[in-house]
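We begin with a single chain expressed as structure tokens, specifically the form predicted on its own.
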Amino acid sequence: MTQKELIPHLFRTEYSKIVAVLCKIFGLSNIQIAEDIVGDTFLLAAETWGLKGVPENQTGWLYTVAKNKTKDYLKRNKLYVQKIEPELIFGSEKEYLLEIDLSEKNITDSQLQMLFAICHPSISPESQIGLALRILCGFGIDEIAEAFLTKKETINKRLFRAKENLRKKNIKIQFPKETELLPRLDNVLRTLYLLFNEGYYSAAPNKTLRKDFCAEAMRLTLMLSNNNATCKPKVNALFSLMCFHASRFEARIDYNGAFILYQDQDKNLWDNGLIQKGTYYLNRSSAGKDLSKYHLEAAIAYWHTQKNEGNDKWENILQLYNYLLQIEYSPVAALNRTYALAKANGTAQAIIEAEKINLKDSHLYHCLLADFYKPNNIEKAAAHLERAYGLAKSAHEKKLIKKRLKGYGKLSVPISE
């Protein structure tokens, strides 16, 4: 890794860790102070390492500088004198004994506590994801703006409002009480689920898949699973689901970054290690009587990683979708169910069910109907693909749809570029 690549890499991996620890000292109401100190730390790294060379232990260097900058700030700032100093001074000579704990355990605990804080019910789901990406995953404002298809100014205002909400509500960086843990955990899992989906179904114009978003969602979910207080069946089910989806990453995108349909994927590219890990956590999730949407979606994803295309596979997926829609209906899940229905019972029934779903503004809806119609009505299939082309946001998706249209032989559907 070159020096030019090193600092952005360390920013991604270490920024959120140091911010989480410092926020426990300053409190969420002063989160900007923590972010400024860590930002200054990386700025100094860029300047110093460019002149004197990269230290052998880069992470240790960053932690030491961050500690020193924090101590300097606390000693010279009124906040230290008025609120923090009385709790930190010991002995007649008022010796400063502040110790900033950047041990692996405290970093993990701080990040989990921060996760619960930013997923407080008073914060909108959209802002929760933005805060998670910025504070817990170390993503830049530009990247977050691209993910949400909006301007940097909009993201900055959204994050500012969310931080103000955290301050006004006086939300603490701590684990919820045992009686509050499960409801709050549901909020956390929803945020991580949405964060993973933001990467898996990227809305960014030139990115079909954002593996970095998915990887961060998996990292945070695994932290929950590894913690005794939060290792619940639905946590393991969600991590299992992420593993199964991640196992098909390499087969899902071609060398140009274009999306590859499930039926066209090279199964040899599926990651067997991740499939085995997903199976392990799916088995762990079966403890107790809890059955969540994450359990059912993980089971569906499991069957999608099975290479055997027998009827039992699709019948099992179909029944799982039936259960899922009873627990939590969504038009997207209902649409996905019609694909399993087509595989198990044929396209005629699938077309009837798909056309009942109100997703006419979704390019995926029209792509799926095109597949269903193609064997018997190629003109109607092409019309749905043309509509899908107009609705698709990603350049890669448009390219794939146009390629499918060209594969319809003599039929020509003009599409303006």
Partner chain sequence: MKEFMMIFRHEPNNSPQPSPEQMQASIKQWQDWIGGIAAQGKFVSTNRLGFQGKTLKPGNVVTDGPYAEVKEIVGGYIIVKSDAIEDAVELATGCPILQVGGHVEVRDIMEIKK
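Basically, rigid core = biggest C-alpha set you can superpose within 1.5 Å across the two forms. Numbering follows the first chain given and starts at 1. Keep in mind the model is a prediction, meaning the values are calculated, not measured.
Not pictured, yet referred to below: the form predicted together with its partner chain.
Asker: Using a 4.5 Å heavy atom cut-off, which of 329 to 337, 188 to 196, 282 to 290, 159 to 167 contacts its partner chain in the predicted complex?
Answerer: Heavy atoms within 4.5 Å of its partner chain in the predicted complex occur in 329 to 337.
Asker: If the cut-off is 4.5 angstroms on heavy atoms, which of these, E315, D101, E309, D212, is the one near its partner chain in the predicted complex?
Answerer: Answer to the contact question: E315.
Asker: Using a 4.5 Å cut on heavy atoms, which of Q265, Q319, Q174, N106 is close to its partner chain in the predicted complex?
Answerer: None of the others qualify; the residue that does is Q319.
Asker: Among L325, N345 and I357, does every residue place a heavy atom within 4.5 Å of its partner chain in the predicted complex?
Answerer: Each of the three qualifies.
Asker: Please check if D40 has a heavy atom lying within 4.5 Å of any heavy atom of its partner chain in the predicted complex.
Answerer: It does not: once its partner chain is placed as it appears in the predicted complex, D40 has no heavy atom within 4.5 Å of it.
Asker: Residue-level question: is E353 within 4.5 Å of its partner chain in the predicted complex, judged on heavy atoms?
Answerer: Because a heavy atom of E353 falls inside 4.5 Å of its partner chain in the predicted complex, the answer is yes.
Asker: Using a superposition on the rigid core, decide whether the Cα position of L368 changes by 2 angstroms or more between this form and the one not shown.
Answerer: Where the cores coincide, L368 still shows a C-alpha shift between this form and the one not shown that is 2 Å or more.
Asker: Is K52 one of the residues whose Cα moves 2 Å or more between this form and the one not shown, with the core superposed?
Answerer: After core superposition, the displacement of the K52 C-alpha between this form and the one not shown stays below 2 Å, so no.
Asker: Could you check whether the CA atom of D40 moves 2 Å or more between this form and the one not shown, using the rigid core for the fit?
Answerer: Comparing the forms between this form and the one not shown, which are aligned on their rigid core, D40 does not shift its C-alpha by 2 Å or more.
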